[in-house]
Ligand SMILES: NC(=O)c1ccc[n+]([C@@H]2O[C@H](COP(=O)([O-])OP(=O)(O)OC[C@H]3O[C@@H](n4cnc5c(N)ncnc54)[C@H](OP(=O)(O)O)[C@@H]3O)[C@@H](O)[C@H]2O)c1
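Just the one chain here, the form predicted alone, laid out as structure tokens.
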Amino acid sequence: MSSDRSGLHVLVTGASSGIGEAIARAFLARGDRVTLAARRVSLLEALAREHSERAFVYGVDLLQWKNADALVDAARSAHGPIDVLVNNAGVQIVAPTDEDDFEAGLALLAVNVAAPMRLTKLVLPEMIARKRGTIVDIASMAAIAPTPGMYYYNASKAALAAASEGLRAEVRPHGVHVVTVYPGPVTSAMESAAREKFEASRSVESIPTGDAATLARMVVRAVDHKRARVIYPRVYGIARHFPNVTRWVVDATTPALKRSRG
């Protein structure tokens, strides 16, 4: 990766809100050029207006994973080769598994797994040829400690995390770095919507929760210093070393889901 920060081209998917927006802001704030990708173009444009010369907006729906090809082509045309790919776009379903919609679950898997894997496949050959570049995969603590009621989301984040962790060792000899990010609850619209799906409980109210800006700064540092992974809030770091205990705690303390029928 170039030591000239102004030369970095960072592609962030799901950049319109939450963690993705915070990561995009963190890279823009230090002078990098950022391709902002998401469905909600108006939100991207509002962010881009603050950094008009360095922010490129591209509206894309990654439910159709083949849209990734056009996204990468447009990003390269706007800002040149991609130095950092941040696979952040994702959707979540929180519901009793016997009540959820299977087609919606397949759509979730397309956005959360197929799209980031396709994007990685598109940028990786060029990174290997240049012998530099970073891929950042935003997984979830759900990959380590699956949460009841998140059947498809758990599967998607476990798949992305496993792919990310395995890819790191594969591409390291070629000068490419991979950062796997495991956010726990981070304040956002998605996180608030997820909490609303559970019955009221002290365990839900007391869950350690972080903020997107802090996580974004940790991601930028991980890119700069080639750290393998980011776990945030930090208290969840113990979960990676004691996954079985963590899963027992999650299973025992997760409150009942609200059901749509009796």
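Bear in mind the structure is a predicted one, so any value in this text is a computation, not a measurement. Residue positions are given as counts along the sequence shown, with the first one as 1.
Keep in mind that the form predicted in complex with this ligand is missing from the display, and what follows is about it.
- Judged against this ligand in the predicted bound form with a 4.5 angstroms heavy atom cut-off, the residues 17, 38 and 157 are in contact without exception.
- Residues placing heavy atoms within 4.5 Å of this ligand in the predicted bound form fall in a single listed stretch, namely 88 to 96, out of 118 to 126, 166 to 174, 88 to 96, 74 to 82.
- Remark: residue 184 counts among the residues lining this ligand in the predicted bound form, judged by a heavy atom distance of 4.5 Å or less.
- Under a 4.5 angstroms non-hydrogen atom cutoff, this ligand in the predicted bound form lacks residue 45 among its neighbouring residues.
- The closest heavy atom approach of residue 179 to this ligand in the predicted bound form falls outside 4.5 Å.
- At the 4.5 Å threshold, heavy atoms of residue 150 stay clear of this ligand in the predicted bound form, well away from it.
- None of 28, 60, 230, 220 but one reaches within 4.5 angstroms of this ligand in the predicted bound form through a heavy atom, and that residue is 60.
- For the partner-free chain shown, nothing in 208 to 233 comes within 4.5 angstroms of this ligand in the predicted bound form, judged by any non-hydrogen atom.
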